[in-house]
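Below, in structure tokens: the form predicted on its own, a single chain.
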């Protein structure tokens, strides 16, 4: 069969190959192929092989020389707070001085600071800022992102955030999956009426679902924010409406959110910096993914999730960036992977599985994304490194050479060359 595109002269292809969810010893397994080529037809991978590719060449085939780069699947960032206004650099000194985040939140800072700015921002302002962030992510090899709302805390602004994400998914090469997170914090106007706000979030779910604005619902289950009871009420209502469910849990304290998420069969439970041993054991027996966010621990100077313990127990592990304006203001996903290498004591193979096929699994797109296999979307990243380990060892820089999304060249020599 003839190809529209052939990427040749690849030093090594590295790709997951085990049917997800990948866990346990399988996390250390990748398929690698030296001196390889990848043939693409339309937006799908036609072949990944070695030797001659002449049988796939027609007069219309575009030949792309990888020049000895390695190839990996497009990276998947399955936890971002993409659409928001403003920044919070003025709070950083408080955090460095040891002021607890929840105290900053109670004083109207933190998430509430961004909520005020996002409410005031226009659709166009939010769109332009998020588009620029997507460009940055794409330069580091990200091809799919999950984007949460949660900086509106009222229906009007939450809808504005989700509508921006929907428009961006049409206009930008990166594929965006949206999550409604009205339960991200208690808005100031509901400070003494949390139960009323929980009811409003559930009522707003009906509008979100009717208008197809989100695939999933997330809740920040944490002391001083939403209790286990609040979280259960919201997520059970969301599930009954047909949403996928997930939650922030055990970020600062363990209050029972992780156990609840497992019982409710959430797609993922995110953060887990304070997860208990008993919850690790329970999580290992489930098909719920542990979505770990090392960038947040790094920026907040907090403890890291016990990733090695979670992995060795047999849990499904995913690694995400958590790009947001308050606790992880970076779009550099390769640095996130490097933090996992340093602070999670993970192997390169485990990290690649945790940033491609396992996130595709808990986002529900593993049949079409997450690995370099015939029939899957041609999301391919070429890295200017001799091997996978080198990309994680040589930290803090962008190793990307070229990026293809759906078979289209979008980054060439670290420069964006195509926008839809």
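Quantities reported herein were computed from a predicted structural model and do not represent experimental measurements. Numbering follows the first chain given and starts at 1.
Heads up, the form predicted in complex with a small molecule isn't pictured, but that's what we're talking about next.
Looking at residue 327, you'd find a heavy atom of it within 4.5 angstroms of the small molecule in the predicted complex.
The closest non-hydrogen atom of residue 322 lies within 4.5 Å of the small molecule in the predicted complex. Contact check for residue 243: no non-hydrogen atom falls within 4.5 Å of the small molecule in the predicted complex. By the criterion of a heavy atom within 4.5 Å, residue 146 is excluded from the residues contacting the small molecule in the predicted complex. No residue in the set 308, 344 and 362 has a non-hydrogen atom no more than 4.5 Å from the small molecule in the predicted complex. Of the candidate stretches 205-213, 282-290, 80-88, 128-136, only 80-88 has residues with heavy atoms within 4.5 Å of the small molecule in the predicted complex. In terms of contact with the small molecule in the predicted complex, the residue from 336, 217, 201, 111 that brings a heavy atom within 4.5 Å is 111. The partner is absent here, but in the predicted complex a heavy atom of 296, alone among 268, 179, 231, 296, sits within 4.5 Å of the small molecule.
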